[in-house]
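To begin, one chain is listed below as structure tokens, in the form predicted on its own.
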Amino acid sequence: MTNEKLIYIHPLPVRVWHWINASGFVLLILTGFQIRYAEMINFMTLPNAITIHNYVGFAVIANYFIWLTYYLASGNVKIYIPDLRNVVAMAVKQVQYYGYGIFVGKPNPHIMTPENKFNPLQQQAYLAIMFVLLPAQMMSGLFLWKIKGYEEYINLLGGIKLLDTIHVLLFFFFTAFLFIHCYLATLGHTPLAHFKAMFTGYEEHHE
């Protein structure tokens, strides 16, 4: 018989940010496909897709800075920083778990706590996403929103074609990430356990 205890992992500001961000990502992806493949996809008009894409983009940018301010002010930004002393060894254990251990019922080598929320693979992925890739996507989107107004900066970054290519490649990356993220979220002790935790704030720890 296993012992179950609830651990408060996700504070309310994080949960609110998460669902606003997730909703924004879905809308940006849908409208992005409509804009990119307007000749093939027609679930809304191109002008409407552009308008929604722009407004949602600004909402996601504002939401990002709320997230950044919260984590910097609270000091919790450290949960994204891997411990360089053991990151390689722990990452190898996590890969072994995802590749084999999970299929034979072995326990997850990472025990989630408020101070140690992410396993080493998650830390490295989210560190790159939240501090490099997402800012790059937001900046490229902002420049593409008003090309004439930011023409000088666009040229400094290599021109409109390069900027557009970066934006589109990151668009495909974040689309793939959304599917992978949802799949990995089903790997709790039940398929919906982690989803439930992002509403209640409490993760269920089984011993």
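For every residue, the number given is its place in the sequence shown, counted from 1. None of the values given here were measured: they were computed from a predicted structure.
Note that the form predicted in complex with protoporphyrin IX containing FE isn't included here; everything after this is about it.
- Although the partner is absent here, Tyr126 lies within 4.5 Å of protoporphyrin IX containing FE in the model of the complex, judged by heavy atoms.
- Protoporphyrin IX containing FE is not shown here, but in the model of the complex it comes within 4.5 Å of a heavy atom of Ala22.
- Mapping the unseen interface onto this chain, Leu187 falls outside it, with no heavy atom inside 4.5 Å of protoporphyrin IX containing FE in the model of the complex.
- Mapping the unseen interface onto this chain, Val16 falls outside it, with no heavy atom inside 4.5 Å of protoporphyrin IX containing FE in the model of the complex.
- Using a 4.5 Å cut-off to protoporphyrin IX containing FE in the model of the complex, not one of Arg36, Ala49 and Lys146 places a heavy atom inside that distance.
- A heavy atom within 4.5 Å of protoporphyrin IX containing FE in the model of the complex is found for exactly one of Ala136, Ala91, Val77, Met130: Met130.
- The partner is not drawn, yet in the model of the complex one stretch among 39-47, 136-144, 22-30, 161-169 has residues with heavy atoms inside 4.5 Å of protoporphyrin IX containing FE: 22-30.
- In sequence order, Trp67, Tyr71, Tyr80 are the residues of 44-83 having a heavy atom within 4.5 Å of protoporphyrin IX containing FE in the model of the complex; the partner itself is omitted from this view.
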